Structure formats: C-alpha cells, structure tokens
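Only one chain is given next, in structure tokens, and it is the form predicted on its own.
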Amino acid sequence: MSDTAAGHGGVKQWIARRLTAIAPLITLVFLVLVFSAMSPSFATLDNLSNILRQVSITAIIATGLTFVILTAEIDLSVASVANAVGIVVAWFTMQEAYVNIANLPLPGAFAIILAILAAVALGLVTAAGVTVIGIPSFIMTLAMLQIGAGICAMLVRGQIAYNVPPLIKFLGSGYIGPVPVIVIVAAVFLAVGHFVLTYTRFGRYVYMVGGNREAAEFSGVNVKLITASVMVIGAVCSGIAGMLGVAYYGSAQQNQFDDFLLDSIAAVVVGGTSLFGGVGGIPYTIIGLFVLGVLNNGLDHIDIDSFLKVLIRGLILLLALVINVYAQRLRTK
C-alpha cells in the first residue's frame, strides 16, 4: 500500500472513530438551517430563550443519566422518580394532619428535605438491586419505574396538587431579569457534572468502570460502589428536576413526566455518549439537548402534524443508536 493510500485510510479512520462527536454537530447545524429557512420566527433570541427553557428539566435529568450510561448501565426509572418526587414535595407542602400536629402546612424547607430524601431512597433501592442482588439495571429500573408510578397514584389519587415551597417555585418558574432561573439551574447541574467527570477521581473511576469493568477491578476501583453511586446521582438529579418541574408546569399530577424518559435518554445518546460505557460526557449531552430542543421547537414552528412529530423523534433516536453502535465497533477494532 502506498503512503498516500495509507494516509487517506488514516484520515477516514480518524473521522470514523470520531463519528459520535461529529454526527450530532452536523445534525444540529442542519436542523438550525432548515428550520431557520422554513420559519422566520425560529432564528430569534426570544425563541432561543424558549428552547433553553424547554430543555432545562431534561438537562437536569440527563446530567444524572450521563453518569449512569457512562458506566454501561441504564436507568428507565428517571421520569417516574421525577414524577414521584415532584408529587412528594407538593404533598408534604400541603399535608396537615398526618405529619404536622399544629395542623398547618409544613415549612417549605422541611418539604424539600423530605422530597430529596425520597429521591435518595429510591436511588439506594435501585443501587442495592443492581450491585448487591445482581439484578440487571434494565430490569431493576423497570421495576422502579412501576414503584414510582405506584407512589404517585397512592399520593395524588387522581387529584392535582398546586402548592410547592417558595424556593422551588422561584427556581422552577422565576426569572432573574430576562433569564429564566430554571435555565441557570440546568446550566449549574451540567457544569458541576462536567467538572466531576473531568477533574475528579470519582469521574475517572466512572469512565474506567464503563470502559472495562474487569480492568477497573484489577486497578483497585470499587466497581459496585461506583455503580451504586451513579444510580443515586441519577435518582437525585431526576428528583430535583421533578420538584422544579412541578413549579414550571404549575401543578403536580400523575404521569406528568412520562415523556422525559425518552427525552433524557435521547439527549445522552443522540449527543454521542456510548451506550456501552466509557465514552462520552456532559459536552456530548449538551449537544444532544440542543438537537432535541431545536427539533421539537422547530417542528412546532412549521406546524407539523403531532403524530408525525413523534415519528420523526423516534427516527432521530434510531439513527443515533445506529451511529452509537457503529462507532463502538470501530473503537474495538
């Protein structure tokens, strides 16, 4: 083989191995150009603010899910946990006779603490099932999805709760000047997630566990502890997103966050984080969030049929999965 042919082969291989990073960027640019051409109201600062606000709750959930997927695990309960914890904070805010002998609404801080503890508890149950009992994360989180749904049904009983603590209301629906506070909160979560994954020992261990579990064990990494930790992180992120989502939407009700399961997984996978673990990170998730945000918002701007919108989202996710698997095969060659 000539040097020229070898050089071309090397360039092609370099591009192929970075397909997971290149494809989402190309997709994002393509979507922005198409929707900008089809709708004059799409490429405006006001609409950019709308997109950021629309993806904020997904961003918080996806931050925790990025940790989970980087360890080559999956969490199908994130939306259910978000829904359950959102309902818990509203329920404790309004609850009187059962937990407050003064027969008055609970202090907001107390309701928030109890809701976060509920998220931690759900994460610990998932972690125990996966690491102690040895249940595959897919099956364990599928069961937790049902448990979360059961908690929601038991607390609301078909009703709708409206009250949340003032702090949650401010974080979920308040503004600082023209900037929605929930956008700032989402940015903080993403920034902290990136810092932890990039600059801490725990973050390096997450990549090691996802990249090669056996090698991580031989290197002295407590694989079970890392796996359990990311499950709890995922649950806490989902729970906080659920609390803020109740304020964002103005109410807490059953099945309110069901769509966020697909959106959060899609944001991580479409962005390029490998389903097989060890490759990806928060910057990839950010790109995935923008792809989904631009796609959903742009389809609304061109007034496309709602059923077709669901189909297009599914096709985008399928394409991302194909690219993800293909890139993984290239990396293992």
Partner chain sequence: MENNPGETPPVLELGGVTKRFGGVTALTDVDFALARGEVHGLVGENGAGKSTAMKIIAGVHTEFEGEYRIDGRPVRLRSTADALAHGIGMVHQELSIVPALSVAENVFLGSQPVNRFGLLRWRHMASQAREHLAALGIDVDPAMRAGDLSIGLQQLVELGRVLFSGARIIILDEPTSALSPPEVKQLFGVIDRLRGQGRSFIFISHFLDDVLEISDSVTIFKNSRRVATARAADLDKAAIIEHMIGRSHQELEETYLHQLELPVRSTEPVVLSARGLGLKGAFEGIDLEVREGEALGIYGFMGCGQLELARALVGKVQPGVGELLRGGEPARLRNTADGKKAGIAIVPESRGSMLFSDVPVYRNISISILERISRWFLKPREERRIAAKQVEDLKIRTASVDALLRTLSGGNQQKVALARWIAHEPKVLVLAEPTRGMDVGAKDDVVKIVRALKERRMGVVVVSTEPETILSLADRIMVMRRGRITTEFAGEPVGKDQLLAAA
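In this text, all values refer to a predicted model and were calculated from it rather than measured experimentally. Positions refer to the first chain, counted from 1.
Although it is not shown, the form predicted together with the partner chain is what the next lines describe.
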Hey, in the model of the complex, is residue 183 touching the partner chain, heavy atoms inside 4.5 Å? no
Verify the contact flag for residue 198: yes if a non-hydrogen atom of it lies within 4.5 Å of a non-hydrogen atom of the partner chain in the model of the complex, no if not. yes
Should residue 214 be counted as a contact of the partner chain in the model of the complex, where contact means heavy atoms within 4.5 Å? yes
Is there a heavy atom of residue 159 no more than 4.5 Å from a heavy atom of the partner chain in the model of the complex? no
Assert contact_stretch over 108-116, 205-213, 146-154, 130-138 against the partner chain in the model of the complex, heavy atom within 4.5 Å, equals 205-213
Scan 179, 124, 74, 221 and let me know which has any heavy atom within 4.5 Å of the partner chain in the model of the complex. 221
